[in-house]
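Next up is one chain by itself, shown in structure tokens, the form predicted alone.
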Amino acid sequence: MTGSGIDMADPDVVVVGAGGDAPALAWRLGQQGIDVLMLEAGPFHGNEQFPNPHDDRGNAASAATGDLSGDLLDQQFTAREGDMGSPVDGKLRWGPADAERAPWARTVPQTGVISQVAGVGGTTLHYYGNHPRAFVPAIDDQPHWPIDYADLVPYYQHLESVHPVKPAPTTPKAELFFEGARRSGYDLTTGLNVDDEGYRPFPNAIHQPDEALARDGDYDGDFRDIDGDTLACHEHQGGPHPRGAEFEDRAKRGSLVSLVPKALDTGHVEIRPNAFATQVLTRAGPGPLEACGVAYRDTWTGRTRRIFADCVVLAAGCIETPRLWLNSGLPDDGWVGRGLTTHHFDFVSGVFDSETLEDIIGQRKVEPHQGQAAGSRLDVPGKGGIAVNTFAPGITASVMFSESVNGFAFENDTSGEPWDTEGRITGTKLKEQMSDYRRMLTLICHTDDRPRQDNGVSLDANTEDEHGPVARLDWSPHPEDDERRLDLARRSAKLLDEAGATHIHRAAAAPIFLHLQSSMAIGKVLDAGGEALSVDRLFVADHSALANGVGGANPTHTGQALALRTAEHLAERYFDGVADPIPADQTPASADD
């Protein structure tokens, strides 16, 4: 192991990517004494080796928890929407760390927006901390998925203890949602293993709020003395709160602040940001082919370099992992990059009058910008899920009213449907709609879309960047996916109507590629241990390894659980095994834990 700021010369394992799932794998490998070098294409925020990550390259790598700095996070993460989240020039974007350069390109022939983040922590930098487990039938009822749900439960439990994962606090907007769910006939779900319909607080990897912020706490401070979640609804901006806290004490438990410190603390993990992998290196092995290293390009200097290791793990996400595979000329049996699922999102919002709100939640406004961004949900196994998903005003205007597959609202006849308007709203009508923002509740529908070989990632032969042909993403919903999404939209509208909404709007949203799963699925491209079927010593440990969209539940928890499991299989196959298997006593997990 080398010191901090120096590239690891002879790692046992090279991991491509340091996003949402890879730090879980690296941490587990590091615990077994296996030296891991992680190559991350984007910047490393809050690290003293890279004090100005968007203006200057800084050092080469970081390998010590002493490099992590809460003060730097305070300087680099603001609460401003555009500063943090602009896909063009925001700090959290898919692009190089150098703020003067354009984002990296992908080809998307159909209407649709990809929302991903490059950087240590990946897209968990702007996720909402949602950590539900997969729906039980989404794992157990899939013939091509060679893992039982019970196999994943110990890894879920481990992560729920480590982050930790707790029920989101019930804020006024959650009270309103729960009341609508109860009046619609749903019951409260208890436990974490979901196989029936029901509503519940979101299991979130966000610290509980300070008791001083309780409704009867009579807090009158400036939030500088608050521990845990400040309920400021800034998860999309990176989760910068509480200000002044140590690096590992930030409330939202994205991989950057939760898993990366644990990985570095093993003394066997080094992270090299600004390193874009361009080729998986291979050699002849006992089988037809085996991986032996990675070629990568420094995004600041343009220098290319090769690193050799005993094993290679791809964890660059559902788009870049198959792109790297295909750009490396590795075997393709027809499922590499295919079978992509996206949760086929839709949005439904309701506006309430002040008297109704006062009767139900004791205040005259919903105040959607207060509380955790997504703190309550309704599960509908077989269809998907519905969640309160409250954005800041700018994003609300964009996703709720500005994009639709069904055109403009004035074109759509909504008679017979449970909503008043559907489609795009612009001009004066949009201003009128947004003027009701503080009395608005917005729901997101996560559809259980199913893997199809026609959907997925390929190479765009006509477009290259400095890293080779760019990824082309083709995805369109199957009619059955459209039916499931429509079912969820109608359930959302009924819930809002039962809660007393006076105006309900359905976006009929254009595709948003935010939750991406199953483009390199176990059972298709990978074996049950996460190793490639056609290339030895090559593993995949990101959401692309999932067999499907886990039923419509947010995928991060399952992706990280699977990454822990893959790390143990890798250690068993190519190193000295696992000294402390999860669970240590091998007792089968309770079905109702």
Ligand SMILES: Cc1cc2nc3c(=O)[nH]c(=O)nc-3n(C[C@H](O)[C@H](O)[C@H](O)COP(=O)(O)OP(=O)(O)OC[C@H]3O[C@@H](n4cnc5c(N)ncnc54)[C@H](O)[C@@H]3O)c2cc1C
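All residue numbers refer to positions in the sequence shown, first residue = 1. Note that the coordinates shown come from a computational prediction; the quantities given were computed from them, not determined experimentally.
Below: the form predicted in complex with the named molecule, not depicted.
N130 is the sole member of N130, T447, S349, T171 with a non-hydrogen atom within 4.5 Å of the named molecule in the predicted complex. Of the residues given (R485, H515, R338, R506), H515 alone sits with a heavy atom within 4.5 Å of the named molecule in the predicted complex. Look at 58-66, 45-53, 538-546, 26-34: in the predicted complex, residues with non-hydrogen atoms within 4.5 angstroms of the named molecule sit in 538-546. Using a 4.5 Å cutoff between non-hydrogen atoms, W94 counts as a contact of the named molecule in the predicted complex. Contact check for S115: a heavy atom falls within 4.5 Å of the named molecule in the predicted complex. In the predicted complex, none of the heavy atoms of N327 sits within 4.5 Å of a heavy atom of the named molecule. Remark: T123 counts among the residues lining the named molecule in the predicted complex, judged by a heavy atom distance of 4.5 Å or less.
Contacts of stretch 243-261 with the named molecule in the predicted complex, defined by any heavy atom lying within 4.5 Å, are made by none of its residues.
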